[in-house]
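Starting off, we have a lone chain in the form predicted on its own, written out as structure tokens.
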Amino acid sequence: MNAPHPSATARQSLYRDMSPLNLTPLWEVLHALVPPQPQSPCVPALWTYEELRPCLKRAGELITAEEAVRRVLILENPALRGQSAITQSLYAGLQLILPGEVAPSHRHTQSALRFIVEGSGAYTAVDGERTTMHPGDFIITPSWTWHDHGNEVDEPVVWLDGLDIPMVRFFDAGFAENGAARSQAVSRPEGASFARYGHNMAPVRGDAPFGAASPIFSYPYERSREALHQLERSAPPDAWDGWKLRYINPLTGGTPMPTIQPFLQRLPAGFEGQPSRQTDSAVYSVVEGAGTAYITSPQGTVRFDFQARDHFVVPSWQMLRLQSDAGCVLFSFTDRPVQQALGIHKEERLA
């Protein structure tokens, strides 16, 4: 056996002497730090509601909403188990509230969205205003706003929670505070925020009640679906996305949340989409219909056949192609606003 090259031996000696000084050589890790293209550790994953719903039901039998604070089953990326993350920047979970329950009031620096999956009539309250939940509604809890949830109807209600928890954790900037009462006092009638900001007009004074977040915290599905219908009647479908719209902050025209961009899209019957990829990872919730997602990662292509109430995740820079025989509607959210603010967002649409 040949003796180690003197240069290699000297290098290893240097590394050993550097280590107690908390130093490491860049040249040994440069290719991993600055790769030729994104190399997400996340993997594509599908959560079928048919499989998840029994677990939600059992959780409802075993722990109360008050005990749990929030009775949520976290959708963990299979490659990030134990990290409470669906991607490296985003959190997602399914929350259940049963008849007569209240999820107690609290607030936190993390921004949250709710997308209603099953059931109608429960409510969420944000800074003194309640909104009634219906399937397909998109609801915001802006950072550091008091919020609680309650169910005063006779059926369980389930929604998707989407938060920037991993992102805030990265910055070590997470704070939370519990409310003194289970439910906050209601100080404004339901619909007050929409009355002020929902008609392409705004009050002369008192803008931006939630800072960088949208002043409308509830976007009812009925209105969002009609917007898709209007687009469908006036324009052909995009070859990659079908008809796709982004939710906006009516004061700025920008994203309704500073760290998360939500979307709603419709694929027509017989849609055969083209492949695309983007640096912002995407979490999808199937609202109506059924279809197929083909996701190509470095490990190969996976096929997810989805139907209403299923959820799936597309990691950063992994190719997505959507297909639907009968047509479908998809809600999704990504971390695009942060990437755009940093000037690092990229997208590639292939023919």
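Position 1 is the first residue in the sequence shown; the rest follow in order. Bear in mind the structure is a predicted one, so any value in this text is a computation, not a measurement.
Below, we refer to the form predicted in complex with 2,5-dihydroxybenzoic acid, which is not included among the displayed structures.
Enquirer: Any chance Arg196 has a heavy atom within 4.5 Å of 2,5-dihydroxybenzoic acid in the predicted bound form?
Expert: Looking in the predicted bound form, residue contacts with 2,5-dihydroxybenzoic acid do not include Arg196, since no heavy atom lies within 4.5 Å.
Enquirer: So, in the predicted bound form, is Asp164 in contact with 2,5-dihydroxybenzoic acid at a 4.5 angstroms heavy atom limit?
Expert: Flag for Asp164 set to no.
Enquirer: So, in the predicted bound form, is Arg277 in contact with 2,5-dihydroxybenzoic acid at a 4.5 angstroms heavy atom limit?
Expert: The answer is no: Arg277 has no heavy atom within 4.5 Å of 2,5-dihydroxybenzoic acid.
Enquirer: Against 2,5-dihydroxybenzoic acid in the predicted bound form, would Gln95 count as a contact residue? Criterion: heavy atoms within 4.5 Å.
Expert: Yes.
Enquirer: From the list His106, Arg246, His134, Arg169, which entry has a heavy atom within 4.5 Å of 2,5-dihydroxybenzoic acid in the predicted bound form?
Expert: Flagged contact: His106.
Enquirer: Can you pick out, from Tyr91, Tyr123, Phe210, Tyr219, the residue that has a heavy atom within 4.5 Å of 2,5-dihydroxybenzoic acid in the predicted bound form?
Expert: Contact residue from the list: Tyr91.
Enquirer: Looking at 27-35, 45-53, 300-308, 66-74, which stretch has residues with any non-hydrogen atom within 4.5 Å of 2,5-dihydroxybenzoic acid in the predicted bound form?
Expert: Going by heavy atoms within 4.5 Å, the stretch is 66-74.
Enquirer: Using a 4.5 Å cut-off on heavy atoms, what residues in 118-156 are near 2,5-dihydroxybenzoic acid in the predicted bound form?
Expert: His147, His149 sit within 4.5 Å of the partner.
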